[in-house]
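What follows is one chain in structure tokens, specifically the form predicted alone.
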Amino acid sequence: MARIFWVEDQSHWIDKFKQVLEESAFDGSANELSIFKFAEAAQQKIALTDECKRPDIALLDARINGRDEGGLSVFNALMRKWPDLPVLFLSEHSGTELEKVALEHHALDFISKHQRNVDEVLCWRIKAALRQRDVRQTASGAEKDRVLASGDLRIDIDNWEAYWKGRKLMNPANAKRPLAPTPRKILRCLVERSPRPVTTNQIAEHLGLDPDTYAHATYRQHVKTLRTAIDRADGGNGVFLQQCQNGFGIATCREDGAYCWKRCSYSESK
């Protein structure tokens, strides 16, 4: 079942397309059609709709109740709430400035109501839009599977790059160079084992080094580098370092020579 959000102010167009939209097998079953004749009613519905009942696709008339900006106002409301929602304009005003503006606003398509076999064309375009949505969602899901996340921290497990609030962690000794591989590997280990403490010997084993020769001072220095790198990505105001002292972020544990990762945020530190 596809949930279709449709804004159309003229009854004869609703009568023309309603049945085909309800009965076409866009994803193998009957569809759920929500129709609005006024932009204001559509915007109110958008604001009140729970995420679990979000539409799969939206169809918008460009000019609603004589207002050129009517369709765009609904489009903007949809994009604010669901930026990835496919939106098609179904309008009498193709080939005009309205079409240009809609496409410049990144509408997926602009379909003329007056073209031959418009019913079939509309169904083709909806099916194509839903297929593209499914491909994007699959790709997005695969991408998320390759990211280790904890609060504001993200680690790309393919290349080990680390990001704090979207900012890449850089080498504190040279802001033009990325953080070195060893601190990034330590950070990943701490996050993966969170909130359990990780000792010097465990880090040595994780890095493939001899635990008998890997010094705690080296581990401690890498932790210092990590704390500084995250603090600088956070603006260099010392807030993250204070969180670490308070037992969040990269915290020092009671076990001798151990550290642990505890998800942190500004609200948790207050």
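Being a predicted model, the structure only gives us computed values, none of them experimental. Heads up: residue numbers just count along the shown sequence, starting at 1.
The same protein also exists as the form predicted in complex with the DNA; that form is not shown, yet it is the one meant from here on.
Colleague: Can you pick out, from His206, His216, Lys37, Arg67, the residue that has a heavy atom within 4.5 Å of the DNA in the predicted complex?
Modeller: Only one listed residue qualifies here, and that residue is His216.
Colleague: Considering the DNA in the predicted complex, which of Arg80, Arg116, Arg177, His106 comes within 4.5 Å of it through any heavy atom?
Modeller: Of Arg80, Arg116, Arg177, His106, the residue with a heavy atom within 4.5 Å of the DNA in the predicted complex is Arg177.
Colleague: Please pick out the stretch from 118 to 126, 166 to 174, 149 to 157, 92 to 100 that is in contact with the DNA in the predicted complex, where contact means heavy atoms within 4.5 Å.
Modeller: Of the options given, it is 166 to 174.
Colleague: With a 4.5 Å heavy atom cut-off, would you call Asn246 a contact of the DNA in the predicted complex?
Modeller: Asn246 lies outside the contact set for the DNA.
Colleague: Examine Gln221 and determine whether its closest non-hydrogen atom to the DNA in the predicted complex is within 4.5 angstroms.
Modeller: Yes - in the predicted complex, heavy atoms of Gln221 and the DNA come within 4.5 Å of each other.
Colleague: With heavy atoms only and a cut-off of 4.5 Å, decide whether Thr182 touches the DNA in the predicted complex.
Modeller: Close contact exists here: in the predicted complex, Thr182 approaches the DNA to within 4.5 Å, heavy atoms only.
Colleague: So, in the predicted complex, is Arg227 in contact with the DNA at a 4.5 angstroms heavy atom limit?
Modeller: Arg227: yes, in contact with the DNA in the predicted complex.
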